[in-house]
Every structure is written in structure tokens, then in C-alpha cells.
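Quick setup: the C-alpha cells below cover two forms of a single protein chain, split into structure 1 and structure 2.
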Structure 1
Amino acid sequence: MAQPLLSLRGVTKRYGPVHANSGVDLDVMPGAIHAILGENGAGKSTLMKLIYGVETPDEGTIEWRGEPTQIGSPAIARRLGIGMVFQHFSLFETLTVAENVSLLVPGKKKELTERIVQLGKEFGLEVDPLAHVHALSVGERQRVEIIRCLMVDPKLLILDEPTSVLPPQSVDLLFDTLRRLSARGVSILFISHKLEEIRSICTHATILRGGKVTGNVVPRDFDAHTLATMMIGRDMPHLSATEPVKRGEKQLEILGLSLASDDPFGVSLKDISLHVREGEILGIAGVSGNGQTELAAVISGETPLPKAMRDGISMLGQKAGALNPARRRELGFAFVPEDRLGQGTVPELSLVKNSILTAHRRGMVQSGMIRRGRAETFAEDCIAENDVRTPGPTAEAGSLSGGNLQKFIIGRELMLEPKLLFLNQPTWGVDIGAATAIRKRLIELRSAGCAILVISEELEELFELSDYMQVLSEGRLSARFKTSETAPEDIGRAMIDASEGAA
């Protein structure tokens, strides 16, 4: 029998009273594409950090090629031949793509630049090597992480939610790459909440629940529903179809807005028109890097509009072009940003303090002083109502798993009872059970009369949620599609050319 490339025996990691991993046994065979399954907070990312040397086990042993080893740092892991693509990116935003790659990959700038372009074309991970990371979308940053990892020729490649922000065609290309790597004997540890992807690509799966291994299976032997039930230990929440409600007044309207990007690597918006009414969900589809970041910044108020364009956007019955983000929120607007660490929350602050950032008008501030009791109650309610797995409201936002932090952010905004809600990539990195619960709550909110705008690269999500859809391509929006009368192929064609669409 072949010897495992990597073996874990009785690995335990504690953070105070919390057991992130407890007595974990794991064998990863050469050439295996091995999934780690579990709901948010099950201990998946912590286990990967232990293997990559970011964290050190409190108990247990790790063997590499049959020999006990201590992986005390990522540098040691890389020397062994272990590479990792993190769910939350580890890139310096003020450096270019090529400069970020050069921090881990030796070589001259010209050679690295050519290699980045070559890998991008080969694997469908195109990105400008001279672009500064701060100017890239989340999807483009993901590509940089994957390219950088592939350039060090790993023996074991750890991928934490690698397809969360990739378009379908890039996912297919990535999977082709992973299969080629597997055929060459490279082992891959694969974390994803997309169970059909796991059934398609993975040869093995280990299931974690509450930090413990609860099973080892061959994914393709089970359907996605059964895998989900094994993963969360209970029946899946059901997202029932709802009848459209009577639409009311327009709560958001943008008319013919064109805005040149200040960033040489950004995407300029061209003749953008959209509207969202009360009791309606409008979904914006599109491949990452086609203007989603720029459109979101205009709607949230982060990008100030020139005077001549300010009449082009109305929100909740008022001209909003001159209103900053705080003033828009005062009208009844709430926003869930794409970047949950840094924009959605301050990672170093507690959940209580992160509640105050957008919910301070809920009686948390009086005469300029914070009413801590009110803030703590709000955070506790948000945690309880949204099943956020955390030791408590004083935990730092950055200590939560990505999916649990996303549940907290969305819960915080929903507790504000908005009249207009805007969500950018609402279920990125969220497990299937939590994602279904989030979508269910959004549909209920829409049915109660809220106007909701969703930007998502998950077509399946938009077809589940949206009453209407538009496609963003190269900074242009297609005409509106009525979701009930539209096929995924129609949206796919519009992704290629946003000028094609249905009125």
C-alpha cells in the first residue's frame, strides 16, 4: 500500500476554551484531490493553517512522507513542498502583482512577469502583472494567489475556497489544472462549500464537525444533499419558491451614469441604468473584474460623483449623488460589502465594536458617549439570530471563520430593518446550509417590501433570489431580464456582450 504524503494523528488546537480542532486524524495520499468538508466554524481553515505552519498544534503529530516533522512556519512548509492559497488573501495592496509574486518566488522581474502572463493564459487566470493589488477585484486577487502558489511547484497544494469568486469557465480551467497536477503526483487539499464541485473534482473527503472528524467518504458515491446532511449533521434548510409581491416605489434609480475610473487598472462605468423597487430583488451578474467594484462604490457613496453627474442617482425618494455613505444610511440604506475584512469589519475590533460601526443609531450612542450595554445586547442578538459560531460578542472579528463573519455582517445589516439593501457577493465562503438560510431571509425581507440589490458571481444564487437580473460586462449593464423567463444561457451570452439582452 502506498505511503501517505501527509499524515496527522490526534492533532488538537485550542484557542482559550474553544477547541478549533480536536484529535484530528488525516491521511493525504500522493496525487489525491482530498476535500475537507464542514460547515462554517467546523475547523477547516484552522487545520489548514496547522499544516501550512501558520499555527502550531497543541497536541498530536504531523508526518511528512512517513517522517515526524514540525512545521513551525510557512517558510518551512514551502521548503517541504507545501503551498497554500488562503480564503482571505495574503497580498500587499500597495505592491504590483509581479512584486507580490517576487516575495515568495525567486527570479528577475521580467522573467516573473512573463511567467505570470503565461500561467494566466494557460489556466484562465489572466491578470495584469504590473497592476497594483489595491486596484484588483476580489476575483482577480484570487487569481494572483493561485498563480503565485503554482509558480513554486508544490508537492501538496492547499486551496481554501479557491472557486468562490471565479466565473464558471475559469473554474473548469482550474479543475483541468488540478487534474494535471494530480496526475503528476501532486496532492491537493481542497476546501469548498460547493458540493457539486467536490463531487466532480475530489477523490476523497474528510468531514469535520465541531473540530472533530466525523467521517471519510468518496464524494462521488453520494449526492450533494446527502453530503450536506453529513456535513451539518441535520436536514438542510429548505428554500421554498415564493410568489412575486406587488412592487412599489423605486427605492434606487441610476440613469445613464458614466464615470471614468481614476485607477489606470480600474474599469470605467459606461451609461449605467438600473432601478430597484419596493418588494423586488434585482441581481447583477457578471465575471469578476467587469466593474462590480466601481459600481458598488458609487451606490454605497464611497466614490464621490462630479457635480454634473449627481442627479443621475436617486435613493429612497431623494437625489443621492451628493450624499456620503453615512447620509445614505440615515435614509434607510444598508450595505454588505464584498470585502468582509477591512471594509465590512475592522478585524482587530470586537464584534460589539463592529456592531457600533453601522448600527450606532440604534440607541448605542447618547450625548456623544457609547452605551456599551446597548451595543453588547445588539451583538448578542445578532450572534444568536444568525447562528454565528463564536465564543461571544467580545471576540475579535478577525478571529471568526470567513463564513461566520459573513453571517454576522449580514445579520447586523438586516437588524437595521433597511428600506433599501445592497449586498455584494453575499454568500462568498459561506457553507451551503448558511447560504440557504441567508437567501431565505433575503426573500422574506423582499416579501415584506424591502428593495434589494445583489451583486453576485454565483449564477445559481441569482436565479434563486432575483425577480430581475442584469449583466455587467466591461463596465456596461445589459437590459433587464425577467428571471422567471430567462435561461442561464441567456445570461452567459450577455456576460460576453452586455449589449445583448432582453428588454
Structure 2
Amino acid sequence: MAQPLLSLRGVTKRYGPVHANSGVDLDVMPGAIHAILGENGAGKSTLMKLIYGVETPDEGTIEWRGEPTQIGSPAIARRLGIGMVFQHFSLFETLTVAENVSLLVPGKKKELTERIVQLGKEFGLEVDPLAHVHALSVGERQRVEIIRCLMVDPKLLILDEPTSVLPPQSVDLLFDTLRRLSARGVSILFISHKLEEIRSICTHATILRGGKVTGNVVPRDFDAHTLATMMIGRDMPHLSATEPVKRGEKQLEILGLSLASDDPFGVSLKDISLHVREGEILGIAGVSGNGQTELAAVISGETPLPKAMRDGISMLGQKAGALNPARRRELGFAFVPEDRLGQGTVPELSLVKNSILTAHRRGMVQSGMIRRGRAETFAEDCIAENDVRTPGPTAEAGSLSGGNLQKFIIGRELMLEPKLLFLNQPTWGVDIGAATAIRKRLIELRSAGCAILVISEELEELFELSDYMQVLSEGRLSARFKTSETAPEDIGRAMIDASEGAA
């Protein structure tokens, strides 16, 4: 057997009482496309941080090409030949592609520019080195990140959920690139929870559960359902079939709304029209950065509308254009935002205090004073009912993993018993078990008569959930598709069509 490129033995990383990784063994062979599979909070990100030198292990050894190695910082990791493409890109939008590359890669700009073009041809990563990053699509930005790693001739490339930001057609291009890299002997660590993708591209898979390795498999030998069961350690929760419900009143209606963005890198909304009735789920598909954030802020009331546009939005039987988020909540509206830390919760405050944020109307405030007991009970119930894994209600929101925090936020908003619920990227980065549980609850809620609007990048999710779909692309909303009569390709085409000019 050949010598592994990277070999971890008994690696343990603790954060206080939490074992993020315990006794992890991992071997990555040269040229392998190696998947790291696991639920949220299973320790995938921590493991990658250890390999990329962002964190150092408490116990265990890391061997690089057979030599015991201390990877003390990302700079050391890069020197060894480890590159990482993060889920959230680390590019400066106001700089050009070449300038972004030159921040990390030494060399003259002219040479860098030539190499960017050359690498682009070689690996199918074409991108204009002189383009400004803010003008690039998400797929192109990802190519820039990958090229930047390739510039220093890496032996190992780590990709953190690379497909989560791509439209379906771009995923194939990415996979083609990865296969070419693998053929050149570059190893790839591929983090994902999309099981079909892992089966189609990865040669090995290491499964993590609760910080421990629970399996090393060749993913092609197993079906997605078996992999999922290995990953979550129990049978997959099943979704109840979506049965049509008699639909009622329009609970949210937006008619011909346009809004220019103040932010030079923001997206202006153009002539948006949509409606959601009682007992139906409307899904907004599309790749992030096409106006999702802006549309969400308009629906929630976080962006105040100019006077001329205020008649464009009504919710729960009232003109809502002039209402702030708190007033909209009083009508029976609840909202799960995209950003969990700093918007959905205050990271420095406990879960108890974060309950008060939107649930204060539920008897938590009496003559201007906070009733702590009520807030504590609420937080405890929310934690228990939604399987939020945390030491307790006094834990700071910032200490929870992304998926657990999302369970808390969704739980809190559902406990408000909304008549109109709006979720922006509800299961983004949430593990498959929890995501399925969330979707199941949404379908139950819809069947009970709630009107639900979901913005999501994950097409599969929208097909599972929604009765109707619309595609948001460059600030424009497509016509309404009936999900049962629509194929994923139709939605994919609607995404591409509108953005043809830029991509």
C-alpha cells in the first residue's frame, strides 16, 4: 500500500467540555477525492481547521508524507502544500481577480495574470484575471478561490461544502475540475452532506459522528440511504407526503415592488410580485446574491420602504408597507433570518435573553420589566422540543454550532405560532437529520393552515417542501411554477436564463 499523503492518528480537540474531535484517525492517499461526511456539529469543520492549521490538536499526531508535523498556522499549511477553499469566500470585492491572488501569492502581477489564465485553461477554471470580484458570479468566485490555491501547487486541497453555493449546471463543471486535479495527483478533501454528490465523485469517505470516526467506506458501494444512516446513527426520518390542502386567504402579497439598493454591491429588486396563501408553501429558488438578502429585508420590514412603494406589500389582511418588524410580528408574522449570529441571535447573550428578542410579547414583559422566569421556561421548552444540543439555556448563543443555533431560532419562531412564516435559507449548513426534521415540521405547519415562504439555495429542498416555486435571479422574480408539474431542469434554466448576460 502506498504511503498516505496525510495521516491523522488519535487526534482530539476539545472546546471546554465539548469534544469536537476525539481520537480521529484519517488517511488521505495521493490523488484521492476523499469525502468527510457528518452531521452538523459532528466535527467536520474542526477537523479541517486542524489540518489547515487554524486550530492545533490537544492530542494526537498529524503526519504529512510520513513525517510527524506541527501545523501551527495556515501559512505553515500553505507552505506544506495544503490549500483550502472556504464555504464563505475570502475575496475582496473591490479588487480584481489578479489583485486578490497577489495578496496571498508572491510574484509579479504580469506573471500571476498569465498563470491564472494558464491554470484556468488547464483545469477548466476560466476567469478573467482583470475582472473585479464584485462583478463575478458565485461560481466564478469559487473558481478564483480554487485558482488561488492552485497557484502555489498544492498537494492537498480542502473544499468546504463547495457545491452548496452553485446552481446545478455549475456543479458538473466543478466536478470536472476536481477529477482533472485528482488525475494530476492532487488529493482532495471534500466536505459535503449531499450524499449523491459524494457517491458520484468521491473515491473514499470518512464518516464522522459526534466527533468520532464511525466508518471508512468507498461511497460508490453504498446507496445514499445507507450512508445517511451511518452518518446520523439511526434511520432517516421520513417526510410525510405532500398532500394538497384546500388553500385559503392570501396571507402575503407583494405587487410590482421595485427597490434600488443603497449598497454598491447590493442587488436592486425589480418588479417583484408574489403571493402566499394559507396552507401553502412558496419556495424562492436561486443562487445567493441575486437579491435574496434584499427581498428578505423587505418582507421582514427590516428595510423601510420609500413612501411610493408602501402599497406594494400587504400581509395578513393589512397594508404592511409602513410597519416595522415588531409591528409585523404582532400581526402573526414570524421570520427566520439568513444570518444566525448577529441577526437571528445576539452571540454574546444567553439563549434565555435571545428568547426575549422576538418572543417578548408572550408574557415575558410586564410593565416594562422582564419576567426572567417566563423567558427561562420558554428557552428551556425551545431547547427540549427542538433537540438543541447545548449545556443549557444560559449558554451564550455564540457558543452553539451553526446547526444547533438554527434549531433554536426556528424553534423560537415556531413557538410564536405564526400565521405567516418566512424562512431564509432554513437548512443552510444544517445536518441532514435536523434538516429533515425541520422540513417535516414546516409541512405539518402548512397542513395546519400556516402560509409559508421559503428562500433556499437547495433545489432538492424546495422540491420536497413547496407547492409553488419562483426563481429569483438578478433581482427579478420569475413566473410561478407549480412544483408537481415542474422538473429541476426547468428551474435551473430559469436561473441561467436571467443571468445569461453576466455569467
Partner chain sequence: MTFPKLVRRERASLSVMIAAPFVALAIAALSNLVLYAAIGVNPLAVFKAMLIDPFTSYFSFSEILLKAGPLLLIAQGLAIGFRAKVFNIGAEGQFVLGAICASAIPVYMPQATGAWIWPTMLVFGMLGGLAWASITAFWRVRLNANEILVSLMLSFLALQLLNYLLLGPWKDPMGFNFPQSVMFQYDALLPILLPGTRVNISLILALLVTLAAWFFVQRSFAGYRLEVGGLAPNAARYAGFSQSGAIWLSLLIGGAAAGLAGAAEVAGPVGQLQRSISTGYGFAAIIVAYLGGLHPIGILFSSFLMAALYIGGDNAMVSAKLPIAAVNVFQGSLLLAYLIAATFVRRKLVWPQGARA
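Residue indices: 1-based, along structure 1. Each form is matched to the other, and the largest set of C-alpha atoms that superpose within 1.5 Å is called the rigid core. Predicted, not measured: the structure shown is a model, and the values here were computed from it.
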(request) Identify which of the two structures, 1 or 2, is the form predicted alone. (result) 1
(request) Answer yes if the Cα of residue 147 shifts by 2 angstroms or more between the two structures on a rigid-core superposition, and no otherwise. (result) yes
(message) At a 2 Å cut-off on C-alpha positions, does residue 183 qualify as shifted between the two structures after fitting the rigid core?
(response) yes
(request) Classify residue 65 as shifted (yes) or not shifted (no) between the two structures, where shifted means its C-alpha moves by 2 Å or more with the rigid core superposed. (result) yes
(request) Determine, in Å, the CA shift of residue 120 between the two structures after the rigid core is used for superposition. (result) 10.1
